[in-house]
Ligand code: AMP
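Consider the single chain below, provided in structure tokens and representing the form predicted alone.
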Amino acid sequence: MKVMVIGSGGREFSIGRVLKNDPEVSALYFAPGNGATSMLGENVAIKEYDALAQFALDNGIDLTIVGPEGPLSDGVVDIFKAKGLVIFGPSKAAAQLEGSKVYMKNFLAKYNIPTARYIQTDHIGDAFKFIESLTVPIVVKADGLCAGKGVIIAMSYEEAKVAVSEMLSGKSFGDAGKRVVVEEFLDGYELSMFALCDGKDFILLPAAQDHKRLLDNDEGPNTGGMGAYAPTPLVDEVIYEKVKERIVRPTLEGMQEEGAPFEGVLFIGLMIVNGEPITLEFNVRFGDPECEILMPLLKTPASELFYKAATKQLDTLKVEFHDQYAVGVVMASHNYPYDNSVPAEIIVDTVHHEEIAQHTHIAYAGVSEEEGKLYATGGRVLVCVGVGESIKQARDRAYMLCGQVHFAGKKLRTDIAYQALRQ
């Protein structure tokens, strides 16, 4: 099977890594990939989706997997399907679940899927009035795609009003913020769950927990994610069943009614409040860094999982996961998330320790390659992943690997998985 992965981050590297080790995969392509994906397969420098679909056709690509939200919202899946190609991901219509927070919140309300009380508006007066009806903290979200950064947790009424004003004026997120969602803050613990869907059937993956804040103890600004672990002990079978019956199933049925059957990854951002799962948001792709820790736990061949999801055959598949835990620690560049950083060479020490060699790996993200050397060029540069029989063992292994990786200005959190380990 020939497979192409669209995207250039750590998420796409991780998907490529499991496909590289899949005996069913004979050739692997990345479009455009990054400086390290060329270690796994061939990078394809084609940006235009029609041309990329033609490349897939000309080269006999059997399956294309879309990683990031941008191409999905742009309709890359529709373009590939129009040429009769097999592609894993939602249509442009279905991708609105992430592409528009207003669409998503209205969808949740329409199909009685548990979510926070909210208002969606482009009118500053209505937003201010609703803000005053809530208790702080207050959540303010830009409607459009903001690369995971369009959510403000305001700790005062004034901060919430400033956030709304800056979004609606276009100052904060440009056109993506010209319509906003203001919602009540839910007090509980946050989780990420991922359902692989084929329009009708789905498979729920082990629950993960992301660490959004830049600094230890969940301090500092929000980021795209500084680390994650899975599966989390904060979820039991009762919660899994509630998520399936109250959120995933009605979403798939609702999207069929909307004429946009959902295929691909449904990423459910959850808040668990007194044992009840409440939907914070939907995304329509794997989370990053959650994907980096879920892929190594997958026992079922990845090619089979993605192909059957893309061809509406999930009901014929029994998915298995390794009975282990994975922890991923993000290494970010010096100025992340405030500004770009000067490129810095990445040095990885030769690994002599058998435990590190066998149970850890690096998922590369914001990197470029020059003359055989890797350079840190992006905000989130790489993820050090450890796998083990317990969360603590996986966490310790991930941090052992972090000690082997060096580049100027590297920054990382030292407390990934703390919520599980303090249980």
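These figures come from a predicted structure and were not determined experimentally. Numbers follow the displayed sequence, beginning with 1.
Not on display, but discussed next: the form predicted together with the named molecule.
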Which of these stretches, 276 to 284, 328 to 336, 308 to 316, 233 to 241, has heavy atoms within 4.5 Å of the named molecule in the model of the complex?
276 to 284
Check each of E258, D74, E190, D126 and return the one that places a heavy atom within 4.5 angstroms of the named molecule in the model of the complex.
E190
A195, L134, M271, L252: which sits within 4.5 Å of the named molecule in the model of the complex by any heavy atom?
M271
Give a yes/no on whether L215 approaches the named molecule to within 4.5 Å in the model of the complex, heavy atoms considered.
no
Please determine whether E184 contacts the named molecule in the model of the complex, using a 4.5 Å cut-off between heavy atoms.
yes
I346 within 4.5 Å of the named molecule in the model of the complex, heavy atoms:
no
With a 4.5 Å heavy atom cut-off, would you call I153 a contact of the named molecule in the model of the complex?
yes
Output flag, V385, M400 and R413 jointly within 4.5 Å of the named molecule in the model of the complex, heavy atom basis
no
Checked 126 to 141 against the named molecule in the model of the complex; residues with a heavy atom within 4.5 Å, sequence order, are V139, K141
